[in-house]
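Form predicted on its own, single chain, as structure tokens, below.
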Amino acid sequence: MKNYKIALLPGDGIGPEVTAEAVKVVDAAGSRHGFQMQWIRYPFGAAHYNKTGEIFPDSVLAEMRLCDAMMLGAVGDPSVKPGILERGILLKLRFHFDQYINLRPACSYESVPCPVPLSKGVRIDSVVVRENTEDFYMGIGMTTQKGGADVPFQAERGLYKLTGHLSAKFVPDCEAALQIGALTRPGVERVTRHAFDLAQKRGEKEVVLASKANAVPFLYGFLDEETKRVAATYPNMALKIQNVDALCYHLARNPAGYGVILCPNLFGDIVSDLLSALTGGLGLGAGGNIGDSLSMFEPVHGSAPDIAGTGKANPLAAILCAAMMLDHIGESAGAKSIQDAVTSYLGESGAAQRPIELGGSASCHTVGDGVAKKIE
């Protein structure tokens, strides 16, 4: 029996509830397909921070590097100022392990109503390939004091270390804020190659790039040109560049008309949430932060503190994340078992067994049990 070490950070809000069901389902798949997980749990999140003042110690990063993959529930809580946990845990993990791809599939299920009616036999089967370490998520910016400011900055990525000085003065004086985005040739190249390789694997002939070069020419004009350069090395594939606003418009009108969508960091965050809504809700949105070192899998939905502890959380996104994780570490049969079990569960269950988010009345625990039984 194969053994894997998986770092597990349940986090905040509904994170512990949904990850508990994902663990249950993975263990069921392991029993069926001959692998076993050693779950290494970490306490970091709002409760730990409020109790100890500790966000995420650097020493833990070395421990996690020895794991085969990581599952994250969610981080963020009203008791902690926005950005502290998100930057101190989530973005720290993404940047330290250079998880340069954020992969967010979006699939519709025949039994789950979509807000946009689909023709019989037609389904949404898209995936957002989001660049995960650059763009406006660099963490470089400032707010002015009495109209001006002058601050040093630095940002370290797997590809490079960026240092500099940011200086600004507004005349007349006014309070203001500045945020800097950055893209690099190697950063754009590796995410573009991932998108085209994935499209080829899926049997598709086109990749759609979400951009906005007409309004942000330096940043996204560079993105367009570098993406075209890489796309030219795939002679049997096409690149279609769409302004992100037009892309969202067309997704809402014809969501089944897209396959692989390549996005810079900011746009990918938005487009993937739109696709989650179009396929039934955030509770079905899985995500993977993929790199050449430790990769991390997390639901799209966030911590949802308003329903934490009520049993209303939909664990299917976390369960589908677990399937992505298994596929990533080479347990493709186990991954397919989970995906098939989710499809079967949604297709065969009545309202009493479906998640509350999808119009049913089943608790988070009940849904997890139901999917696990389908695998067994």
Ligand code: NAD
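What you are looking at is a predicted structure, and each value in this text was computed from that prediction instead of being measured. For every residue, the number given is its place in the sequence shown, counted from 1.
Beyond what is shown, the protein has a form predicted together with this ligand; the following relates to that form.
Contact check for L282: a non-hydrogen atom falls within 4.5 Å of this ligand in the predicted complex. Among heavy atoms of G288, none comes within 4.5 Å of this ligand in the predicted complex. Not displayed here, this ligand is approached by G302 to within 4.5 Å at the level of heavy atoms in the predicted complex. For the chain shown alone, D306 is a contact residue for this ligand in the predicted complex, at least one non-hydrogen atom being within 4.5 angstroms. Only one segment in the set 213 to 221, 229 to 237, 73 to 81, 105 to 113 has any non-hydrogen atom within 4.5 angstroms of this ligand in the predicted complex, and it is 73 to 81. Though this ligand is absent from this view, in the predicted complex it lies within 4.5 Å of a heavy atom of just one residue from H48, H33, K312, H328, which is K312. Screening M138, A277, L90, I101 for any heavy atom within 4.5 Å of this ligand in the predicted complex leaves a single hit, L90. No residue in the set D68, A323 and E376 has a non-hydrogen atom no more than 4.5 Å from this ligand in the predicted complex. Of the residues in 340 to 376, only E357 comes within 4.5 Å of this ligand in the predicted complex through at least one heavy atom.
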